[in-house]
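The form predicted on its own is given below as one chain in structure tokens.
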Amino acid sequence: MAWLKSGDEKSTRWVKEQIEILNRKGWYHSIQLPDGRVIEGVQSIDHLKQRLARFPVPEDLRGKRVLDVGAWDGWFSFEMERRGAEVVAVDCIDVEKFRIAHELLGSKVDYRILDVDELCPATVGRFDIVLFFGVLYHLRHPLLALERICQLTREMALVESFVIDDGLEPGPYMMEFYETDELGGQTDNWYGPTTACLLALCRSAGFARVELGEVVKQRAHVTCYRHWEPPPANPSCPPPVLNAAANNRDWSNRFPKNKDLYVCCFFNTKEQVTKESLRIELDGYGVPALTATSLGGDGWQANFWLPSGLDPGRHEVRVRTVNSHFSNPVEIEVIPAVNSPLPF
């Protein structure tokens, strides 16, 4: 049962109470100092640990690069650093509490002030793990934001977001839009997706696998993977034969950068396939199939959305099924955009 609702006086009062608590404490995240003392925030250390425990984050992150988007006071950034990761933390404003904690902890986290729409591989690089906690519903363009997060992710992105349901039952793919202060009296809340819609947004952003963890008090915890599960050790079917990967507009293998384009894969397999049983890769990263259509005999066509942010040059497409190894590779070419103001 949803308890935080748009246009609801009780919800608005609750949000105001939380803001009053924050103003009184001064910190949102609690921070434990090296000598054991704790700066008490709205969220306790135990609560913060519980939030993180809902995701499959290894205890040992040595050799990993982690991005914390919307770092706020920085507990998650500093925890990733404690586990051995090289960490970049970003927020849209310079949060003084982050800098205080950074100094008190002797942290080496790289702190940058950037909006989500400024994030791209050219500005911050790529990361094994991206944390995207409590940010999505504050953004005017949530799908574009998730596309950017996907561009930055090498292994997995962890998305925690407000949802308008409890996630217990399959729900509609829909979002509420808040024009002004309809949700909690705050003007920085723009969208409230259903849990099903949030999962669909993550898939549509380009992630290969999207897995829902718990939904706790209308906070959904979603792990988004860039790679498919490993191919079967003993496949029951031979790999497909990939004949072509073509631009849906002109049937060439060339794709202008920053265009909203689809890749049409033409392949042969004796299996009966569905979009759910296909495993398409682009440059080694999984991409979800949008369609899988029989062309008669053993001929098939599958379409996928060309991920944003690909560099100009040649890129490799492969296809397999859940029962096979990968097909032969086929190349496509991304060509520079003409007169495009977009850097990504």
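For every residue, the number given is its place in the sequence shown, counted from 1. These numbers come from a predicted model, not from an experiment.
Although it is not shown, the form predicted together with a small molecule is what the next lines describe.
- Think of it this way: in the predicted bound form, the small molecule has a heavy atom of just one of F76, F127, F98, F162 within 4.5 Å, and the residue is F76.
- The contact residue chosen from P235, G171, P121, G134 relative to the small molecule in the predicted bound form is G134, the criterion being a non-hydrogen atom within 4.5 angstroms.
- Looking at F55, you'd find every heavy atom of it more than 4.5 angstroms from the small molecule in the predicted bound form.
- Within 4.5 Å of some heavy atom of the small molecule in the predicted bound form lies at least one heavy atom of R51.
- A residue is said to contact a partner when one of its heavy atoms sits within 4.5 Å of a partner heavy atom; G70 meets this definition for the small molecule in the predicted bound form.
- Mapping the unseen interface onto this chain, Y28 counts among the residues with a heavy atom inside 4.5 Å of the small molecule in the predicted bound form.
- Only one listed stretch (221-229, 162-170, 260-268, 135-143) carries heavy atoms within 4.5 Å of the small molecule in the predicted bound form, and that stretch is 135-143.
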